[in-house]
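We begin with a single chain expressed as structure tokens, specifically the form predicted alone.
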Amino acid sequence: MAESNDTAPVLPKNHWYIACASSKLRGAPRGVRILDEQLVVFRGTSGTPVVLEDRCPHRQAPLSRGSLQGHTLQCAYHGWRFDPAGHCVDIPSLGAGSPMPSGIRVPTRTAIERAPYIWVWMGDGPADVSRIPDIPQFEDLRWNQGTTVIECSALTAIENFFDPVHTAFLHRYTHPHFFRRALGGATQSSHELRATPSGLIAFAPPTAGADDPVPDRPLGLARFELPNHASLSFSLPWQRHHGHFFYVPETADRTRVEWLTTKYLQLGRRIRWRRKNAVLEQDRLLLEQIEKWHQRRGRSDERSVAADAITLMLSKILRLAAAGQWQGAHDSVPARRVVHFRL
């Protein structure tokens, strides 16, 4: 069902979403929420990740509160144990000689580990491994990794990522755009937008025409891949900086951002877990206040200007994708657009 312009769309389900970082799934089960489904993630003795519904079929207790017993997960309430396929294999309260009831099973989800994440297929049909998002140069570079939870819709959080103008104002002392504006004043900027079958690309400087290919190394490039992968790259004097942000909708108004950014100095451990990302923390504080207004007043009375073209195109793509219409309506979005604004 299509969403109205006054509400945030629910991201499409037939995709892979991140359950958690690989490094955060060790000796205990972990509860996660994706698209309002409560799931439990754990590793059996084989080390392979398993995802079940986080609910014991006995008395609805969360299995994420349980413990690992060999290759099985034991419920913390009455000790029922479930194998990686979700089948109940032990009920401690059964008397001697009592047969195991048949057909007791916890629903499962397909899970795959592809460093540095555990991915879960949230669709109803067969899982398509080829659709797991790629992280270019992951093995070749050193990264900072972390998680930030924002009490706002995924649409609001993703729109914020693709809003170039806010960076010079909100991200005081944390973003290059702030320092550039503070030292040299506002400058005229131009970005080129291109819709793609899987999302959009925004980059600077623009090409001369629609027939020109996207440059291999533009000064800055941001890409969105459905359903929730935003990435960026930009040139520094000494290297190319890359970032990947996966906006996992836990509920309609709560988003978990799984982020991965290259270290500004390629030294030390290959992956370093960081408790906070200063830029995302500045975003979080403001977006949570914006979400309160969205819940109170909706979005229909928001006003936009030319500089908002990127977020407006992105919003349209997400709404069409949520309604299952993006592939058929891809041609309804301009294939190329150049946006001019002061930054």
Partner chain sequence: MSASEKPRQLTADDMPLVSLAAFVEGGAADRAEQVDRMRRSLQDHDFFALVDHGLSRDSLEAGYRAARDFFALPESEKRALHKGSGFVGYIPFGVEQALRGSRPDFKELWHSVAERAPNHPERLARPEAYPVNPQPRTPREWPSVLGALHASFESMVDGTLRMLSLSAALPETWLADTARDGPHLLRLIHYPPLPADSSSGLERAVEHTGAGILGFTPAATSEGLEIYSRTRSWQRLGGFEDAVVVTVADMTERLTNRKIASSLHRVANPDGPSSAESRYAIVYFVSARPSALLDCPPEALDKENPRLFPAQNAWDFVTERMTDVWLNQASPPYRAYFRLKQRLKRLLP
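What you are looking at is a predicted structure, and each value in this text was computed from that prediction instead of being measured. Positions refer to the first chain, counted from 1.
The form predicted together with its partner chain is left out here; the points below concern that form.
Put simply, S46 is close to its partner chain in the model of the complex: some heavy atom of it is within 4.5 Å. In the model of the complex, at least one heavy atom of P84 sits within 4.5 Å of a heavy atom of its partner chain. A residue is said to contact a partner when one of its heavy atoms sits within 4.5 Å of a partner heavy atom; H175 fails this definition for its partner chain in the model of the complex, lying far away. Among heavy atoms of H71, some come within 4.5 Å of its partner chain in the model of the complex. Of the candidate stretches 167-175, 86-94, 182-190, 231-239, only 86-94 has residues with heavy atoms within 4.5 Å of its partner chain in the model of the complex. Proximity to its partner chain in the model of the complex, defined as a heavy atom within 4.5 Å, singles out one entry of V149, A210, V214, V129, which is V129. Interface residue among I135, I271, I112, A252 relative to its partner chain in the model of the complex, by the heavy atom within 4.5 Å criterion: I112. If you take 18-37 and check each residue for a heavy atom within 4.5 Å of its partner chain in the model of the complex, you get R26, G27, A28, in sequence order.
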